[in-house]
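We begin with a single chain expressed as C-alpha coordinates, specifically the form predicted on its own.
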(Lines give C-alpha, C1' and ligand atoms only; values in the text may rest on other atoms or scores of the structure.)
Protein backbone atom coordinates (compact mmCIF):
# COMPACT_ATOMS: atom_id res chain seq x y z
CA UNK A 1 0.00 0.00 0.00
CA UNK A 2 2.75 2.46 0.91
CA UNK A 3 4.67 1.75 -2.29
CA UNK A 4 1.53 2.26 -4.36
CA UNK A 5 0.80 5.48 -2.44
CA UNK A 6 4.23 6.90 -3.29
CA UNK A 7 3.82 5.94 -6.95
CA UNK A 8 0.37 7.57 -7.20
CA UNK A 9 1.56 10.70 -5.39
CA UNK A 10 4.61 11.02 -7.64
CA UNK A 11 2.48 10.53 -10.76
CA UNK A 12 -0.08 13.16 -9.73
CA UNK A 13 2.60 15.67 -8.74
CA UNK A 14 4.33 15.21 -12.10
CA UNK A 15 1.03 15.86 -13.86
CA UNK A 16 0.47 18.96 -11.74
CA UNK A 17 4.01 20.20 -12.33
CA UNK A 18 3.48 19.96 -16.08
CA UNK A 19 -0.01 21.47 -16.13
CA UNK A 20 0.67 24.17 -13.46
CA UNK A 21 -3.05 24.37 -12.62
CA UNK A 22 -2.39 25.22 -8.97
CA UNK A 23 0.09 27.94 -9.86
CA UNK A 24 -1.82 29.48 -12.74
CA UNK A 25 -5.44 29.08 -11.61
CA UNK A 26 -5.97 28.05 -7.98
CA UNK A 27 -3.39 30.36 -6.37
CA UNK A 28 -4.67 33.52 -8.12
CA UNK A 29 -8.23 32.51 -7.21
CA UNK A 30 -7.26 32.17 -3.53
CA UNK A 31 -5.61 35.61 -3.55
CA UNK A 32 -8.72 37.13 -5.12
CA UNK A 33 -10.81 35.57 -2.32
CA UNK A 34 -8.58 37.19 0.31
CA UNK A 35 -8.82 40.58 -1.41
CA UNK A 36 -12.61 40.37 -1.76
CA UNK A 37 -12.98 39.46 1.92
CA UNK A 38 -10.76 42.39 2.89
CA UNK A 39 -12.97 44.88 1.04
CA UNK A 40 -16.27 43.20 1.93
CA UNK A 41 -15.77 43.21 5.69
CA UNK A 42 -13.88 46.30 6.75
CA UNK A 43 -10.76 48.20 5.80
CA UNK A 44 -9.72 48.98 9.38
CA UNK A 45 -6.50 47.14 10.36
CA UNK A 46 -7.89 46.04 13.73
CA UNK A 47 -10.87 44.24 12.22
CA UNK A 48 -8.85 42.54 9.50
CA UNK A 49 -6.27 41.30 11.99
CA UNK A 50 -8.98 39.70 14.12
CA UNK A 51 -10.65 37.88 11.24
CA UNK A 52 -7.44 36.98 9.36
CA UNK A 53 -7.31 33.33 10.58
CA UNK A 54 -10.90 32.62 9.55
CA UNK A 55 -10.51 34.28 6.15
CA UNK A 56 -7.30 32.36 5.51
CA UNK A 57 -8.93 29.00 6.13
CA UNK A 58 -11.99 29.89 4.06
CA UNK A 59 -9.67 30.64 1.14
CA UNK A 60 -7.92 27.31 1.74
CA UNK A 61 -11.29 25.51 1.79
CA UNK A 62 -12.34 26.98 -1.55
CA UNK A 63 -8.96 26.09 -3.04
CA UNK A 64 -9.08 22.54 -1.65
CA UNK A 65 -12.38 21.87 -3.42
CA UNK A 66 -10.72 22.54 -6.78
CA UNK A 67 -7.61 20.56 -5.84
CA UNK A 68 -9.34 17.38 -4.68
CA UNK A 69 -11.78 17.46 -7.59
CA UNK A 70 -8.88 17.65 -10.03
CA UNK A 71 -6.92 14.92 -8.23
CA UNK A 72 -9.80 12.46 -8.44
CA UNK A 73 -10.72 13.47 -11.99
CA UNK A 74 -7.30 12.29 -13.16
CA UNK A 75 -8.38 8.71 -12.43
CA UNK A 76 -12.08 8.94 -13.25
CA UNK A 77 -11.59 10.44 -16.71
CA UNK A 78 -11.34 7.71 -19.36
CA UNK A 79 -11.74 5.10 -16.57
CA UNK A 80 -8.05 5.34 -15.68
CA UNK A 81 -8.89 4.31 -12.11
CA UNK A 82 -10.28 0.99 -13.32
CA UNK A 83 -6.98 0.35 -15.05
CA UNK A 84 -5.10 0.87 -11.80
CA UNK A 85 -7.31 -1.67 -10.05
CA UNK A 86 -6.88 -4.18 -12.88
CA UNK A 87 -3.11 -3.91 -12.48
CA UNK A 88 -3.45 -4.66 -8.79
CA UNK A 89 -2.83 -1.20 -7.31
CA UNK A 90 -4.03 -1.17 -3.70
CA UNK A 91 -7.13 1.08 -3.26
CA UNK A 92 -5.75 2.29 0.05
CA UNK A 93 -2.55 3.20 -1.76
CA UNK A 94 -4.53 5.16 -4.34
CA UNK A 95 -6.28 7.05 -1.54
CA UNK A 96 -3.09 7.84 0.37
CA UNK A 97 -1.29 8.82 -2.83
CA UNK A 98 -4.06 11.27 -3.69
CA UNK A 99 -3.96 12.68 -0.17
CA UNK A 100 -0.19 13.18 -0.33
CA UNK A 101 -0.27 14.89 -3.72
CA UNK A 102 -3.11 17.24 -2.75
CA UNK A 103 -1.42 17.91 0.61
CA UNK A 104 1.81 19.01 -1.08
CA UNK A 105 -0.07 21.33 -3.42
CA UNK A 106 -2.25 22.82 -0.68
CA UNK A 107 0.57 23.28 1.82
CA UNK A 108 2.67 25.13 -0.73
CA UNK A 109 -0.37 27.23 -1.61
CA UNK A 110 -0.90 28.00 2.08
CA UNK A 111 2.64 29.38 2.35
CA UNK A 112 1.91 31.89 -0.41
CA UNK A 113 -1.51 32.65 1.07
CA UNK A 114 0.08 33.35 4.45
CA UNK A 115 2.30 35.92 2.79
CA UNK A 116 -0.82 37.47 1.28
CA UNK A 117 -2.52 37.54 4.69
CA UNK A 118 0.50 39.26 6.25
CA UNK A 119 0.60 41.85 3.46
CA UNK A 120 -3.16 42.50 3.25
CA UNK A 121 -4.22 42.16 6.88
CA UNK A 122 -1.01 42.88 8.80
CA UNK A 123 -1.44 40.45 11.72
CA UNK A 124 1.30 40.03 14.30
CA UNK A 125 2.23 36.36 14.49
CA UNK A 126 3.93 35.08 17.62
CA UNK A 127 3.26 31.35 17.88
CA UNK A 128 4.92 30.12 14.68
CA UNK A 129 5.28 26.50 15.82
CA UNK A 130 1.62 26.25 16.80
CA UNK A 131 0.56 27.87 13.54
CA UNK A 132 2.65 25.53 11.36
CA UNK A 133 1.66 22.40 13.30
CA UNK A 134 -2.04 23.25 13.15
CA UNK A 135 -1.76 24.03 9.42
CA UNK A 136 -0.04 20.66 8.85
CA UNK A 137 -2.73 18.56 10.53
CA UNK A 138 -5.64 20.69 9.31
CA UNK A 139 -4.43 20.27 5.74
CA UNK A 140 -4.19 16.50 6.20
CA UNK A 141 -7.77 16.44 7.46
CA UNK A 142 -8.99 18.58 4.55
CA UNK A 143 -7.17 16.43 1.99
CA UNK A 144 -8.31 13.08 3.44
CA UNK A 145 -11.97 14.14 3.65
CA UNK A 146 -11.78 15.92 0.30
CA UNK A 147 -10.39 12.95 -1.62
CA UNK A 148 -12.96 10.60 -0.07
CA UNK A 149 -15.98 12.77 -0.83
CA UNK A 150 -14.69 13.80 -4.23
CA UNK A 151 -14.55 10.13 -5.17
CA UNK A 152 -18.09 9.68 -3.83
CA UNK A 153 -19.34 12.57 -5.94
CA UNK A 154 -17.39 11.57 -9.05
CA UNK A 155 -20.14 9.26 -10.28
CA UNK A 156 -22.72 12.05 -10.33
CA UNK A 157 -23.35 14.24 -13.33
CA UNK A 158 -23.58 17.21 -10.96
CA UNK A 159 -20.34 16.42 -9.13
CA UNK A 160 -19.14 20.07 -9.20
CA UNK A 161 -22.30 21.03 -7.29
CA UNK A 162 -22.50 17.91 -5.13
CA UNK A 163 -18.90 17.97 -3.87
CA UNK A 164 -19.14 21.26 -1.91
CA UNK A 165 -22.48 20.18 -0.43
CA UNK A 166 -20.93 16.94 0.83
CA UNK A 167 -17.54 18.28 1.85
CA UNK A 168 -18.25 21.56 3.65
CA UNK A 169 -20.29 20.09 6.55
CA UNK A 170 -17.69 17.35 7.10
CA UNK A 171 -14.67 19.66 7.20
CA UNK A 172 -16.36 22.46 9.16
CA UNK A 173 -14.97 21.12 12.48
CA UNK A 174 -11.48 21.09 10.95
CA UNK A 175 -11.84 24.69 9.77
CA UNK A 176 -13.18 25.76 13.17
CA UNK A 177 -10.33 24.08 15.07
CA UNK A 178 -7.71 25.45 12.66
CA UNK A 179 -9.12 28.97 12.98
CA UNK A 180 -9.12 28.78 16.79
CA UNK A 181 -5.57 27.41 16.84
CA UNK A 182 -4.39 30.23 14.58
CA UNK A 183 -6.12 32.80 16.75
CA UNK A 184 -4.18 31.44 19.72
CA UNK A 185 -0.99 31.49 17.66
CA UNK A 186 -1.55 35.09 16.61
CA UNK A 187 -2.26 36.11 20.19
CA UNK A 188 0.59 33.95 21.58
CA UNK A 189 -1.82 32.56 24.19
CA UNK A 190 -0.89 28.92 23.75
CA UNK A 191 1.82 26.53 22.59
CA UNK A 192 2.02 23.08 20.99
CA UNK A 193 -0.18 21.89 23.87
CA UNK A 194 -3.09 23.86 22.47
CA UNK A 195 -6.35 21.83 22.74
CA UNK A 196 -7.37 22.88 19.23
CA UNK A 197 -4.16 21.39 17.86
CA UNK A 198 -4.90 18.10 19.60
CA UNK A 199 -8.38 18.13 18.06
CA UNK A 200 -6.88 18.69 14.60
CA UNK A 201 -4.61 15.68 15.11
CA UNK A 202 -7.65 13.55 15.99
CA UNK A 203 -9.53 14.73 12.89
CA UNK A 204 -6.52 14.01 10.66
CA UNK A 205 -6.06 10.48 12.01
CA UNK A 206 -9.78 9.64 11.84
CA UNK A 207 -10.27 10.95 8.30
CA UNK A 208 -7.14 9.18 7.07
CA UNK A 209 -8.16 5.88 8.67
CA UNK A 210 -11.74 6.01 7.40
CA UNK A 211 -10.64 6.97 3.90
CA UNK A 212 -8.06 4.17 3.69
CA UNK A 213 -10.58 1.60 4.96
CA UNK A 214 -13.58 2.55 2.82
CA UNK A 215 -11.92 3.83 -0.35
CA UNK A 216 -12.01 0.38 -1.91
CA UNK A 217 -15.80 0.16 -1.44
CA UNK A 218 -16.20 3.67 -2.84
CA UNK A 219 -14.20 2.79 -5.95
CA UNK A 220 -16.19 -0.37 -6.54
CA UNK A 221 -19.46 1.51 -6.02
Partner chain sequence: MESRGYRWSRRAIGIVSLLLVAATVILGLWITPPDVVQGQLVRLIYVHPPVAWVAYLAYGVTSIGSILYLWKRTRNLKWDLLAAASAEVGVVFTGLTLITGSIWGRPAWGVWWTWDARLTTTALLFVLYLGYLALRRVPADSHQRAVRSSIAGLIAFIDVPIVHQSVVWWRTLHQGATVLNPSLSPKIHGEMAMTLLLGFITFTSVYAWMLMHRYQIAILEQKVLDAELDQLIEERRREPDSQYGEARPANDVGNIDQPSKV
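This one's a predicted model, so the numbers in the text were calculated from it and none came from an experiment. Numbering follows the first chain given and starts at 1.
A second form of this protein, the form predicted together with the partner chain, is not displayed here; the remarks below concern that form.
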Contact label in the model of the complex: residue 139 to the partner chain, heavy atom within 4.5 Å: no
- prompt: Looking in the model of the complex, any heavy atom of residue 155 within 4.5 Å of the partner chain?
  reply: yes
message: Taking any heavy atom pair closer than or equal to 4.5 Å as contact, tell me whether residue 165 reaches the partner chain in the model of the complex.
response: yes
query: For residue 169, is any heavy atom within 4.5 Å of the partner chain in the model of the complex, or not?
result: yes
- request: Report whether all of 148, 195 and 199 sit within 4.5 Å of the partner chain in the model of the complex, measuring from non-hydrogen atoms.
  value: yes
query: Is any part of 201-215 within 4.5 angstroms of the partner chain in the model of the complex by a non-hydrogen atom, and which residues would that be?
result: 203, 206, 207, 210, 214
